[in-house]
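The form predicted on its own is given below as one chain in structure tokens.
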């Protein structure tokens, strides 16, 4: 397979002439073989010119493999042989039209207007109307089986998503998740760019992952322009990324505590999350990290006085968060609700292609900072934090291990000089090239893929948020659980709606 595919690495551009055009049958067979051997499907998407672009992520080798294949209006579905493709194939139909014949559940991902599946796709008569915006849901038939619908409008400040449970009493047989209510067309808007607004749109791809998405976007453009940011900018990017990880993991542990009624950690972590957001604001003026990362480097540095102040505040936050989280994990009533709830088995996580925290909680040591390092991670080793039970407790524990690691990383990064040259000029993008940016955000790997045309402008831009891979993990976690455990399981994944919708 390696002889047929283009082998590249994170943040390295390749000429499109070096990306092989395979037959779709050969490319599909190669994907199945590679996934069976331990790789995962990072992307399966259209290039806007009648081809499918496939990206295989080989974490063990630290490699990215890319190939293309021309596709017509219909093609044999890859999903029955490679379940990781199930959402990619549905998305491909929405965006470019090709129907994956034989897909087990071929329905819209975001209900694009151009979604026009034929009768074979839906399994219904050709004369039955397809109503835009109306999608079918899986149903379990049987005596005493009932259906519970939740959303898309929820009782609280939460993004919209529709959850439909098939239940027998309190037992959940199946959960189907329908998103797409926040689709903004970010990928399509990038075509012809980068435009002046493109960077701001990438910062808002998933608001709680501003740094992760912006860094991945900058990595793509820098590779396509053949430039490297200064070392100080690389250290500042890493600092911002770890502060983003700290704020979200600390907030998630507090929210998990709230879901089981443990108010001490719930209340305290809410305040502590703000401490880490304020540290981010100390670097760039935005608690979410907006306005800091730019192609070619960063906008703001940190002199010695600012670094000393941030280090002092970091140490205080470390002391407080340690006490709060240790109280959470040492409380028996919390353990009784976390342990053996919402289990995803390792083989299920592998088959579904789960990533990030959800995958590491199933015992798989994968982390893009370790497996596909760029920037500061080339000199700073990061070992993946793992826990093997695949339940709520494991997902919470992985977050705590990563909090400890990120506190150490930020402390070390703040000890380095963080002022000096911050940014290099960005030339035009190289024509007819492809580049992939892979950044380990706090949920998991954020993948951006950019292709340029003969004029050096973007002809296709693809964004894959880790939530795109992991929503199926939540559905798996709910099988045979009590429906009352849904809020706890949902928060243990804490996936992004808008990152999925794009």
Partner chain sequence: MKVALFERLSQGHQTSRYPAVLPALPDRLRGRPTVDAAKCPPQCRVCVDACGVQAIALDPMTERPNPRVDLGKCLFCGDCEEACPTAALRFGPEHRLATSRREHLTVQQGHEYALAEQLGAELMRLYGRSLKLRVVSAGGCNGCEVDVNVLGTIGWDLGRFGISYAASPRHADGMLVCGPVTRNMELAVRKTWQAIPDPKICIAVGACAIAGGPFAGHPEQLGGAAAVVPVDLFVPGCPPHPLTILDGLLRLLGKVRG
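Numbering follows the first chain given and starts at 1. All figures in this text were calculated on a predicted structure; none of them were measured in a lab.
Form predicted together with the partner chain: not shown, discussed below.
Proximity of residue 155 to the partner chain in the predicted bound form: non-hydrogen atoms within 4.5 Å are present. Contact between residue 319 and the partner chain in the predicted bound form is found at the 4.5 Å heavy atom cutoff. The partner chain in the predicted bound form comes within 4.5 Å of no heavy atom belonging to residue 103. A residue is said to contact a partner when one of its heavy atoms sits within 4.5 Å of a partner heavy atom; residue 181 meets this definition for the partner chain in the predicted bound form.
Comparing 226-234, 291-299, 83-91, 360-368 against the partner chain in the predicted bound form, the single stretch with non-hydrogen atoms within 4.5 angstroms of it is 291-299. Between the partner chain and the residues 388, 160, 417, 76, the one pair within 4.5 Å by heavy atoms in the predicted bound form involves 160. This chain is drawn without the partner chain; in the predicted bound form, the residue among 399, 273, 372, 213 with a heavy atom within 4.5 Å of it is 273.
Taken together, 201, 323 and 423 are fully in contact with the partner chain in the predicted bound form: each brings a heavy atom within 4.5 Å. Shown here without the partner chain, the chain has 180, 181, 182, 183, 184, 185, 186, 188, 189, 196, 197 in 180-197 lying with a heavy atom within 4.5 Å of that partner in the predicted bound form.
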